[in-house]
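Next up: just one chain, as structure tokens, the form predicted on its own.
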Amino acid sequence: MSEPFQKFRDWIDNRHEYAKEWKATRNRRIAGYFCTYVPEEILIAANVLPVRILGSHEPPTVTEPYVFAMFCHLCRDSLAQGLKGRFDYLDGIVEGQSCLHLRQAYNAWRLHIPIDYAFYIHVPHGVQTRHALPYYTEELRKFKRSLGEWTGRKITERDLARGINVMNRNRDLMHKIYEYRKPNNPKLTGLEAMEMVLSSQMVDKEDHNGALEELLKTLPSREMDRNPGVRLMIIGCEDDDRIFMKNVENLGATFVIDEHCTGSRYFWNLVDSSIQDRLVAIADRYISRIPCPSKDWPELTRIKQAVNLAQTYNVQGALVIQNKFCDPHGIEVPPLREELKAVGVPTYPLEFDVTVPWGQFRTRVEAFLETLTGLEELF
């Protein structure tokens, strides 16, 4: 039997080749997006392939004329990939307002990299206010109208329903697969879970749904030839560093759950298909989703979600990740650690840059794992 997660791995490793072949064979447009607050449902409804713009964990050497060096590595590395021509197949770019750093990457891309289309969605930061839903719904109406003008075809209610169904199916399937991370001996590693979710942001959701359905047939009988070790959670900023995940799990641990936008936060909430106005339904999903820290106020709902996941997945310890210079995530680290500590989950903070200094991190992670193992033995 072939390795069940290899398909997702191949998609990530060959993401640009996949996109170019998809475009050539289907004769449709591709739009890149920076933040998961961009509603892919509407792009799918317009027959546009949404592809998330991410970096390649290479030291950015070409971005300083365009963005400050003290901006986070995600925005700098992502922009660098565009400047180097890696995303030359994109017809357009879309950004949903999230943070100053990604906004600058979007603007630099729009001004200095040839594309046919650019649209900035003003996602409200005050998502917990009563004004957020009507405001964001109107923003999505503008986006839908703009996409229709760009593609030359009107986006109908039936098109929106198709986009919602495809995205909800993808989310539901990944939810079901995450259930297999709960057992004492999980059916998948944290690295495999990351590759599954990350690849869904890079390929046609219909293709991805087919691969997820095949995976669900094999998981119940899958036997992992490894000791799961310490049950870890990874939580924090955007993180697609597969080498880090693999290295930590090779030390005698398994990431059994995550809370970041290349993991559970990306797919956790569905669109409520019972809402008749489909744009309102889409807007409602993104307003009420597990929020990014830049929008999580005054009630810290994301921290409550992290605590709930830690308890549900029987986590023994959590690595709290902050991308260097990411202020929204940095501000939430102290209350996040306190809340996890209150339910008996020790945490260890790590600051990520474009490349991870694994030699230093290994010593620190090993010490943290030893502490957790010692605590388990005491009880």
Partner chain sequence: MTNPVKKYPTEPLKCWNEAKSLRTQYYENYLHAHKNGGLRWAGGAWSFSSVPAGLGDDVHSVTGEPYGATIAFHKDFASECHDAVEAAGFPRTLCAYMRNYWGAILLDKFILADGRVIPGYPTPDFIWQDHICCSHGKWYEIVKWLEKKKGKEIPMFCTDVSVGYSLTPPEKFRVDYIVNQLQDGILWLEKVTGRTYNDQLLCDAVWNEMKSTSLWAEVCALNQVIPTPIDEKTMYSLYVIGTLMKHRPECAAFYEKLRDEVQNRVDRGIAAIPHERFRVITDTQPPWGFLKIFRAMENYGVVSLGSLYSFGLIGMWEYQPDGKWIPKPLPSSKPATREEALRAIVEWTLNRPEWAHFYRPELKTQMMKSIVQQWKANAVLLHYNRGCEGLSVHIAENRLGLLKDGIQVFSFEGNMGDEREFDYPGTMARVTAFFESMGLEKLSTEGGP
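These numbers were taken from a predicted model, which means no experiment stands behind them. Positions refer to the first chain, counted from 1.
Missing here is the form predicted in complex with the partner chain; even so, the following discussion is about that form.
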Problem set entry | Full three-residue contact with the partner chain in the model of the complex, heavy atom 4.5 Å, for Y266, N269 and Y286 | no
Problem set entry | Touches the partner chain in the model of the complex: Q322 (any heavy atom, 4.5 Å) | yes
Exercise. Does any heavy atom of G344 come within 4.5 Å of a heavy atom of the partner chain in the model of the complex?
Worked result: no
Exercise. Contact between K246 and the partner chain in the model of the complex at 4.5 Å, heavy atoms?
Worked result: no
Exercise. F68: heavy atom within 4.5 Å of the partner chain in the model of the complex?
Worked result: yes
Problem set entry | Heavy atom within 4.5 Å of the partner chain in the model of the complex - the one residue of R86, R103, R162, R169 that qualifies | R103
Seminar exercise, completed: Contact with the partner chain in the model of the complex, heavy atom within 4.5 Å, among P60, P50, G317, P328 goes to P328
Seminar exercise, completed: In contact with the partner chain in the model of the complex (heavy atoms, 4.5 Å), from 209-217, 107-115, 238-246, 252-260, is stretch 107-115
Problem set entry | Contacts with the partner chain in the model of the complex, stretch 328-350 (heavy atom within 4.5 Å) | P328, G330, I331, E332, V333, P334, P335, E338
